[in-house]
Each structure stands twice: as structure tokens, then as C-alpha cells.
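Shown below, as C-alpha cells, is a lone chain in the form predicted alone; questions about how it binds or moves come after it.
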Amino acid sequence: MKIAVIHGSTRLNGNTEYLTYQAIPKEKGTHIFLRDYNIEPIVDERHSEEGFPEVNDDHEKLIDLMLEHDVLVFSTPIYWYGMSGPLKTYIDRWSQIMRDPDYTHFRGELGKKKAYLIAVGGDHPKVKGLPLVQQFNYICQFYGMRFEDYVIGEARKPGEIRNDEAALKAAAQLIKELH
């Protein structure tokens, strides 16, 4: 089983990354850091005659890499009670890729995958992060993916995630489910 971890954090070695590595160590999966790629925001042209314009960025390369895996783990800090901007931009562009004639298989391929979410926030995230969990559940339903599980950690300052023993334990259990 091939695991892709899609990291949405812009911070190198941050709390979300630390918690994610407790679930999926570096050597156990393909870790994709969106911060290392150029992904342009979507220009919504779904209803225009011309359709979506061609975009010269890394999005298609990331889609191809993601589709090579059986399990997708989305890792994001909770920013303003939702996913990070880079992850949101990446997922928003899925609307465009679905209409690309070279990716007619995209929706069907996502439907074969299992998805997990790992998120870290500072303002009562185990409650206020639940809408984010629900959002991922809806995204997965739309594509037919199985949303298997999630872990939410609490941390405000760098390194504080190490104090959230419940989240660390839950993350460590997540890897056991995947193997």
C-alpha cells in the first residue's frame, strides 16, 4: 500500500509536521510539501465556452504523484477554523483538473483511495476543528473516497504539540491502521 502525505503547512518543522510524522514517518510514505511547489489559485471558468485556461505551474505534476498512491493523508494546520491556504488552493484546482481532457480518470481514481486528515490548531481545535473534518468528509464523499479517520492536535507555539499526549497517541495508532 502506497501512502502519500500532502502537507499543507507553510512552516518548516512545525507542529502539524511533527504530529504527522508520528503517524507516517518519513520513510513510510511519500511526503509532499505543498510549500515547495508553485500552485496558482483557480480562475473559475467552469461555465465559460473556452473552459479553464492552461496554467503553467506544478499542479498537474502533484496530481500525477498523488494518483500513484493508494492512501492520501492530508496534513494541515487549522488556520481560521479551516485548512491552510496552500492545501485549499491545491484542492480548489481539482475542479479544473476534472475538466481536463487528459484527466478524465481523475474522479474515478480518487474513488479508489482511502483518505485521512491530520490537523493541529490552537483555539480548542478538538471542537472548533470539527467543521474541517466535516469538510474533508464532504470532499471525500464527492469523489467517492473513503474518509477513514482523523487526528486533531492542539498547539499554539512551535513545539507545543509534544504536550498533546492524546493526539500523539492517536497519530501513532493511525499508522497501525494503515499497515
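We number the residues from 1 along the sequence you see. What you see is a predicted model; the values in this text were computed from it and never measured.
From this point on, the text means the form predicted in complex with another copy of the chain, which you will not see here.
At a distance threshold of 4.5 angstroms between non-hydrogen atoms, residue 62 is out of contact with another copy of the chain in the predicted complex.
In the predicted complex, another copy of the chain sits within 4.5 Å of a heavy atom belonging to residue 135.
Although the partner is absent from this view, residue 141 contacts another copy of the chain in the predicted complex, with a non-hydrogen atom inside 4.5 angstroms. Interface membership of residue 83, defined by any non-hydrogen atom within 4.5 Å of another copy of the chain in the predicted complex, is confirmed. When another copy of the chain is considered in the predicted complex, only one residue from 36, 70, 44, 54 comes within 4.5 Å through any heavy atom, namely 44. Of the candidate stretches 111 to 119, 54 to 62, 149 to 157, 25 to 33, only 149 to 157 has residues whose heavy atoms lie within 4.5 Å of another copy of the chain in the predicted complex.
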